[in-house]
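Below sits a lone chain in structure tokens, taken as the form predicted on its own.
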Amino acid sequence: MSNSLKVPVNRIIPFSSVDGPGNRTAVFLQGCGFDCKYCHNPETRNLCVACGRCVQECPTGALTLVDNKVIFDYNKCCKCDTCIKVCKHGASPRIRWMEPAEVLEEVKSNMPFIRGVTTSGGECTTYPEFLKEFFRLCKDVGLTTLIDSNGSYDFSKDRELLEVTDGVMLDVKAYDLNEHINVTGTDNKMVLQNMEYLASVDKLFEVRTVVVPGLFDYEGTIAEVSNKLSAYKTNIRYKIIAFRPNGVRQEYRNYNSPDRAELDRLAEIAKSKGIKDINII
């Protein structure tokens, strides 16, 4: 198999009930083009630059520096997160470069207790060729396939990927262009284009918005997104997510978490626009 299909796998969660319908295995890939201020796993944004700091701090010797590369020994890792805490580059040395078939073998160990797989990140669509082959293999063994995406990849130009994808869970960080740039460091033109395109071809399983008081106009975002999605006949879920400081970089932990009353109010706004399936977490 071509090495081009080897991707950096940050972690594989055997059983997840929050990454799509039913019990699923979630595969997190390393690397993302967004720099969200409230990112709950900021260590997945970049690839390791081999500065060596984590090697010195690792308490179990799971990391070594060889030929200017950090080598990770999966079997020695105690998952203490020391390497992530000391990294200054938004990266993790705890990645495994894996081919689609290797990932599937690990996923298969969870069968028959899972309904399917969900790829996430980072941003998993950074590696579309891997996704296509991996999803083909998943389909061969009867697993459903979902993509959790920030919407930066142009799905309209990759029908081959959509053919093996059962649905996309799309993050809409902010509806307003300037607010989206403030939140993520980049614009949202492709995100909104993807939202409408995926809805039109019945591949938009869910839209997600994280509610961060004081960072952007989340009420306006939920109202605008709900209004757009209500035009489509398919039943698209809107997941409204409360900001939590867990895992967020220290400089962005000072935002407040919305209370349940506020989340319920936002759900009513989505409902008033025609959204029927609303999930609050």
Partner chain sequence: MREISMERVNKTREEMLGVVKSDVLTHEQKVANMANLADSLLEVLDLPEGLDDLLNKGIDEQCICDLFEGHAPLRPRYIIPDYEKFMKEGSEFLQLDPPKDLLEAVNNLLIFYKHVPSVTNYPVYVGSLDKLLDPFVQDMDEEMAEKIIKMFLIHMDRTILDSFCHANIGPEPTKAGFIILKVIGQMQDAVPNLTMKVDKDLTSDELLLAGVNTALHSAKPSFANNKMFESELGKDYVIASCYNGLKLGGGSYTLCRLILGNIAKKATDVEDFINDKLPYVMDIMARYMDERIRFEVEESGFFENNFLAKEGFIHRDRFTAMFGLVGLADAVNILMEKEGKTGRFGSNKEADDLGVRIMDKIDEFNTHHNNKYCEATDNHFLLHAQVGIAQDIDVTPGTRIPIGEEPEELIDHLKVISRFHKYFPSGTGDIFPIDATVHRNPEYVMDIIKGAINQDIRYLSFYGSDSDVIRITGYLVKKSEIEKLENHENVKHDTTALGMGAKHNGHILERKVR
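Nothing here was measured: the structure is a model prediction, and the numbers come from that model. Numbering follows the first chain given and starts at 1.
Just so it is clear, the following notes concern the form predicted together with the partner chain, a form of the same protein that is not shown.
Novice: Look up in the predicted bound form whether L5 has a non-hydrogen atom within 4.5 angstroms of the partner chain, and give yes or no.
Specialist: L5: no, not in contact with the partner chain in the predicted bound form.
Novice: Do R115 and the partner chain share at least one heavy atom pair within 4.5 Å in the predicted bound form?
Specialist: Although the partner chain is absent here, R115 would touch it in the predicted bound form, with heavy atoms inside 4.5 Å.
Novice: Using 4.5 Å between non-hydrogen atoms, is S109 touching the partner chain in the predicted bound form?
Specialist: So S109 counts as contacting the partner chain.
Novice: Does the partner chain get within 4.5 angstroms of any non-hydrogen atom of P258 in the predicted bound form?
Specialist: The answer is no: P258 has no heavy atom within 4.5 Å of the partner chain.
Novice: In the predicted bound form, which of the stretches 22 to 30, 245 to 253, 225 to 233, 42 to 50 has residues with heavy atoms within 4.5 Å of the partner chain?
Specialist: Result for this chain: 22 to 30.
Novice: Output the sequence-ordered list of residues from 259 to 281 with at least one heavy atom within 4.5 Å of the partner chain in the predicted bound form.
Specialist: If the 4.5 Å heavy-atom criterion is applied to the partner chain in the predicted bound form, 259 to 281 yields N279, I280, I281.
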